[in-house]
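Shown next as structure tokens: one chain only, the form predicted on its own.
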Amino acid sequence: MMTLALGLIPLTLLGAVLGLDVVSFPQAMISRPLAAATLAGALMGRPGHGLIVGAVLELFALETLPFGASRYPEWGSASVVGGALFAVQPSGTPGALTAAVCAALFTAWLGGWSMVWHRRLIARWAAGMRDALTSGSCDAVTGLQLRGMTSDIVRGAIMTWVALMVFVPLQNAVLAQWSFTAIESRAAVVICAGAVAGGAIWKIVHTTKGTTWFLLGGLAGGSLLLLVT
């Protein structure tokens, strides 16, 4: 298993790329928590730990509706932070999952604000290039796109690096004082994540015609897979 000191640079680069994927490029869904946290865990030598965090964060992310210029959590960089924090802790550490998920949620919230600031920065750049853009200059459009993507990947890198630098010592301090058992702390995380996911699913099911049957079909298929395995 790689230590966090050795993995800081690879994790920062991963967070940068996944932060870029959220909106700017290529929007290939690799920034979804399930993929992002698993990749972070794999970098630390524990892809299974990353997958666990990613599955929990994915339940929270079901509530996110990334429409237009609305503000929403930035799950790419945040999931890298959560997956890495959980992966560096010994297996069965009480509170490790809780601390990793809380750190990822806070990073996702702050990342949402960072995307708003990033959009405002691009808007200022575009305003300064208004004449060239309105004239249809290919160089102006290309230059603005490249500046936007470059600044976005820097944003993701800074978010990941700062979050890891803050939350690694904070997690160690919290876990040193943790009094709940591993089962109790994990149960609390699962209950919270399930409640958020259930609310997100209900908002769609009770307002969209025909989705109830898809939900029931998914539950039946999942139950069948559990019985088979």
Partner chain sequence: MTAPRLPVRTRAAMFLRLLAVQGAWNYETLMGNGIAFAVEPALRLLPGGRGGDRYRAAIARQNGYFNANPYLAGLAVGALANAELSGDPTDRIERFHTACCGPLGSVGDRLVWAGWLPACSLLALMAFGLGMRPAGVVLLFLGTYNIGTMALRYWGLHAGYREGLRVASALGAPLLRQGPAQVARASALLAGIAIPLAVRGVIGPAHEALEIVFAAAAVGAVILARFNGRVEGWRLAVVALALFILISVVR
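None of these values were measured; they are calculated from a predicted model. For clarity, a rigid core is taken as the largest C-alpha set superposing within 1.5 Å between two forms. Positions refer to the first chain, counted from 1.
Below: the form predicted together with its partner chain, not depicted.
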Hey, in the model of the complex, does Leu219 get a heavy atom within 4.5 angstroms of its partner chain? yes
Q) Could you tell me if Ile153 has a non-hydrogen atom within 4.5 Å of its partner chain in the model of the complex? A) no
Can any non-hydrogen atom of Pro90 be found within 4.5 angstroms of its partner chain in the model of the complex?
no
Can Gly48 be called a contact residue for its partner chain in the model of the complex at 4.5 Å between heavy atoms?
yes
Contacts from 32 to 65 to its partner chain in the model of the complex (any heavy atom within 4.5 Å), listed N to C, are Arg32, Leu34, Ala35, Thr38, Pro47, Gly48, Leu51, Ile52, Ala55, Val56, Glu58, Leu59, Phe60, Leu62, Glu63, Thr64, Leu65
(request) Take the rigid core as the frame of reference and indicate whether the C-alpha of Phe25 shifts by 2 Å or more between the shown form and the other one. (result) no
